[in-house]
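Below you will find one chain, with nothing else, as structure tokens; this is the form predicted on its own, and questions on how it binds or moves follow later.
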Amino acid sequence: MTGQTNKNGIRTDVGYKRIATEEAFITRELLDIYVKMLKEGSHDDPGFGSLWGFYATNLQAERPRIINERLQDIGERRIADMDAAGIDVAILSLTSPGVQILPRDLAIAQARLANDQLADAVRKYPDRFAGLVAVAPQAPEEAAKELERGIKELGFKGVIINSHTQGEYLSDQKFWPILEAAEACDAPIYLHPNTLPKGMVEPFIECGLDGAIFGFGVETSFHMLRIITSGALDRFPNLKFVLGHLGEALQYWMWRIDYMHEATVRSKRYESLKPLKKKPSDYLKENVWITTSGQQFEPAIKYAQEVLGKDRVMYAMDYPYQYVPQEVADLDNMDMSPEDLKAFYQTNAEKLFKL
């Protein structure tokens, strides 16, 4: 592919906008709370200690220092990085674990503050940024209200849930006011990874596989399957979920999940596993969209498009955790029609998030 390029050799005349759909930020206030929790040991979450003990306090090392700086910038530095990578629009969301690690009342206040700060940035750069609402699931009714405020008053395009909330999952009906509000607002729920909860994480930390290398995907795919098998999508059939990292690999498991779910329900082995109106794979095909955050691998992208549909696979960079402008040039050169590339980069995201 030849044509006009920027300083990094990325085409600037491709005929589509590049919309990055999973791009993280953090407020200074929340980062300070994380640092305080780590120093005082006022948390009971070894996964949080592993993740943020590295990114928040190990600032003499290059990677955490740069990540730390970039996470806090929702202004000119971020836009300069977007320009360098050829990204036209970034959909910003509060980084994991967001406020979900905090005590209830503090979480409510910090979610509101983060949303107000993000709304200010979107108003300042309306052509470059869009936002997802952060909520405090540990207070489901308040979370539903904040979700509605974020969508209806702040103009956000969906909601970010950083997976489990202190070991609890959206499959639990006590969280369903959040699902009800999301469906009523037609707001996609971006189910983003969190570190595994304390009952699961230690064997992963032991071998260095607790983070993005593997543990995140295990935890988030598990969460999505819990939601599906709980019957939540029968209760809220118009809910829309978004999974990053190419669907956390669930599309590769669909056939086996369908077979074993049907067999296990029929056996009545588990009280918690009840019949559903559809096969689990049907919910993945009808209620779930996926993004490529951190997974810029053409064969896997094409497989996801084949199995889930070309209208359900969207681009994401995973900034600032994975910022490699060359990946954009590589994806521009995928063996796809111009129409399919435009859907992948632009129109799928525009339709889902109402950009």
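Numbers for residues come from their place in the sequence shown, where the first is 1. These numbers were taken from a predicted model, which means no experiment stands behind them.
The same protein also exists as the form predicted together with a further copy of the same chain; that form is not shown, yet it is the one meant from here on.
By the 4.5 Å heavy atom rule, the three marked residues Glu206, Phe214 and Ser267 all count as contacting a further copy of the same chain in the predicted bound form. Listed stretches are 106-114, 85-93, 214-222, 141-149; the contact stretch with a further copy of the same chain in the predicted bound form is 214-222, by a heavy atom cutoff of 4.5 Å. At the 4.5 Å threshold, heavy atoms of Cys185 stay clear of a further copy of the same chain in the predicted bound form, well away from it. a further copy of the same chain in the predicted bound form is approached by Glu306, whose closest heavy atom lies within 4.5 angstroms of it.
In the predicted bound form, none of the heavy atoms of Ala316 sits within 4.5 Å of a heavy atom of a further copy of the same chain.
By the criterion of a heavy atom within 4.5 Å, Trp253 is counted among the residues contacting a further copy of the same chain in the predicted bound form.
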